[in-house]
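Only one chain is given next, in structure tokens, and it is the form predicted on its own.
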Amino acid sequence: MAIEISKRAKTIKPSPTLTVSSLAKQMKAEGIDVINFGAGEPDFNTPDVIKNEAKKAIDNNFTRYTNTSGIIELREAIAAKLKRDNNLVCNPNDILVSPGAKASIMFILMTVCNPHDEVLIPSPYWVSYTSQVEMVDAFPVFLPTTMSTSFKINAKQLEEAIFSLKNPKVLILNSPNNPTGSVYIREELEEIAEVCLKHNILIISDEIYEKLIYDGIKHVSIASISDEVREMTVLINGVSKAYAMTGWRLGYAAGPSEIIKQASRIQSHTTSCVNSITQKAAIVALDEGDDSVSVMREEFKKRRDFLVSKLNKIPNVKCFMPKGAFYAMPDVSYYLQNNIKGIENSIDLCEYLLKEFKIAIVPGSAFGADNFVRFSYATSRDNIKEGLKRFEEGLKKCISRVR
């Protein structure tokens, strides 16, 4: 007798970004020359100083369970980082260390959301937000943005959306943003925070790309706006993007005491603690890793400038200049509407480009933006150069006659 799969499991779709990267890696393993623009991770190695600390932890037999919330030395290092970088005073007891920032967000949503609560999400959005909201039986509510608004919401739009809802509970704000690269400035955050305070909306502020910002723009955490806003915000961050530690799996949440306390209880019954060795390495990353970040950021900026410049020179392609993270999201709507290949949406386009031109990019539909595709420039400049040639050739060959 077959066991019926739950409705919750049936509704969850696989992560499109991980699917694209896995397929590209599989094709490469088969000897196919694929250029992968799907990866959401730095192509740099973890700095030696961090790796050496992990080796030391192993040699010292630091290999047992730790406190569910994370070892106190790490939570103190995170608190020091929040004070140093974000002007936030945070008690180490109000920090939860989780196996990745993704897990941190999930545990916070499980803590604060009841069935039928509504979670506001600016669109385009990171692919996992919607699935995570649905997994806690809440409803995602999308706030559309466009290139003309630099892919950012404003306070008026947020308040109008809140007035239209029955059970608004949470706003998920991601700055710097994946997939658009948009970055909110202080004045914009102040106005958004004022609306959230007025309507008692919890802010989950995903700041995982904080260290990767360009053009002299300064990262501002919305939690730093005021003490009142801090008490209504859960800050999410981690070591994966800034220190090239994606596989080490460590993120953290910092926020109101009761929320963090309850989220820690949930974590204790799911993943328990984070890998003990990773925790030791993360202390060094937070304390000593900033030199490696600056080198990586400068290289990403060069790649960004080259990629976006070339994309905007392709006929009928328009691309916003990202201010942070390592993604570019060109508008390819012209090629969806005018082609001779039967391509109807961004998924069709990406499948066509992968099969016929061996270039892996992520369809914009994964982020709620079907007229777009997402490039990750966390790959070499040689790959970017060759990949752009293939991309342009693929677009030219799919296009119909000009009307």
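None of the values given here were measured: they were computed from a predicted structure. Residues carry their position along the shown sequence, with the first being 1.
Below: the form predicted together with a small molecule, not depicted.
Proximity to the small molecule in the predicted bound form, defined as a heavy atom within 4.5 Å, holds among I222, A101, A263, L158 only for A101. Screening K323, R75, K241, R304 for any heavy atom within 4.5 Å of the small molecule in the predicted bound form leaves a single hit, K241. Proximity of Y184 to the small molecule in the predicted bound form falls outside the 4.5 Å heavy atom cutoff. Using a 4.5 angstroms threshold between heavy atoms, Y209 counts as touching the small molecule in the predicted bound form.
Among heavy atoms of R249, some come within 4.5 Å of the small molecule in the predicted bound form. Of the heavy atoms in Y129, some are within 4.5 Å of the small molecule in the predicted bound form. Comment: 173-181 is the region of 143-151, 211-219, 173-181, 67-75 lying near the small molecule in the predicted bound form, near meaning a non-hydrogen atom within 4.5 Å.
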